[in-house]
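Look below for two forms of one protein chain, each set out as structure tokens: first structure 1, then structure 2.
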Structure 1
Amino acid sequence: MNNSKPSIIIADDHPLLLKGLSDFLLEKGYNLLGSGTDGREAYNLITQKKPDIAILDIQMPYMSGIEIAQQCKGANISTKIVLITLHKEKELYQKAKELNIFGYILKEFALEEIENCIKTVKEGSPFFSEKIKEFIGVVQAEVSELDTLTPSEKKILKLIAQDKTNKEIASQLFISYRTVEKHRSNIITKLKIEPKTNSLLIWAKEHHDKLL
């Protein structure tokens, strides 16, 4: 029986979540090699125990799930990473392909769906629920629109999202405030933002998570 079940480590800084997941996996007979409560501990478990699958919370002290995935890729570790996320954190999905992240578990998943995920990942296929695929589609459309901006435009958009005025941005970048205005105008046109008072500030704040 244990031969057909993947070995797994898990990590989450929320004790109730960790307990829920841990109990679930044990009850289902998975080979749970260990559990951690922060990113460093999780990474150590992965390197020491070399599990088939690591189920990690994205947001943890010391190292995020993403950072762990990055480190595992860099170290050629074959463990398949599955990330747990409460919210659909937009910027995080963009990294999926780059980092060999095999799947995402939304915290609202029914327990059976979590088992599906594990089985799919064990077979070597990535697991993305329809909801996540759809969401990635939306994010990619928004990101590709952002890709039409020049480097300077992106930089200025970021500063706008940080509540900087044109004068402040100009001063920070050692350019004329008239240049900042020009860039703003170009951004509004490229992103097809409705021409309305404060519309660029509002847009920038609503999309600040994509302006990394």
Structure 2
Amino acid sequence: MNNSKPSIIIADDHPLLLKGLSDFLLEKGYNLLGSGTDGREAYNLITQKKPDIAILDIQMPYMSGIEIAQQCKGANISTKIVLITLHKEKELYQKAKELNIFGYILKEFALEEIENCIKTVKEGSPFFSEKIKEFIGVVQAEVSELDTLTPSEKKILKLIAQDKTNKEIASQLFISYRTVEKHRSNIITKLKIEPKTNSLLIWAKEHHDKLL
């Protein structure tokens, strides 16, 4: 690629987000070759227009951004894939890295990161949003804190996530109400949760997938 602006296609199944990104790129003078509203359109644009960079929503009808990246890799298409996502799952992030995806940015920070991302990718280097790395670092810390809980505490946390009261938990686990209270207190300390009203319930609901 020379010093001119790279050629780009974009795809997102949310019309407002697609328009916002399109307007932004055109305003900044980028060479926008086309835009698609689903994965199939996006893949066709890539194969027909052969852009330098494709900026894709990770979840779209017909084909996801990850599936498009897999197809491009299999077909030896040199277009560099940048994924824009609402998703902060570690698995998707790892998958993107495995597929040599060149960029991975969060939708909520897309406009503030996109220029830097395009510049970095154009120069042949991957751009993975610091915001995602920060989030995944936080998630890993949370998972390791979960590992400090005893099996009984994990069981109680799962029941809290299911909206069970202390009384119901005590009855279900054949322990006293006061033992449940003590376990709750220990869980709050170990997970470094602020001891506010319902703070443990909120935490348990937000992280219930890690309690399975």
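Residue numbering: structure 1 sequence, from 1. Take the two forms, find the largest set of C-alpha atoms that superpose within 1.5 Å, and that set is the rigid core. Small disclaimer: the values here were computed from a predicted structure and weren't measured.
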query: Form predicted alone - which displayed structure it is; finding: 2
query: Core-superposed comparison between the two structures, residue 191 Cα displacement 2 Å or beyond; finding: yes
query: Per-residue C-alpha change between the two structures, residue 150, threshold 2 Å, rigid core fit; finding: yes
query: Core-superposed C-alpha of residue 112 shifting 2 Å or more between the two structures; finding: yes
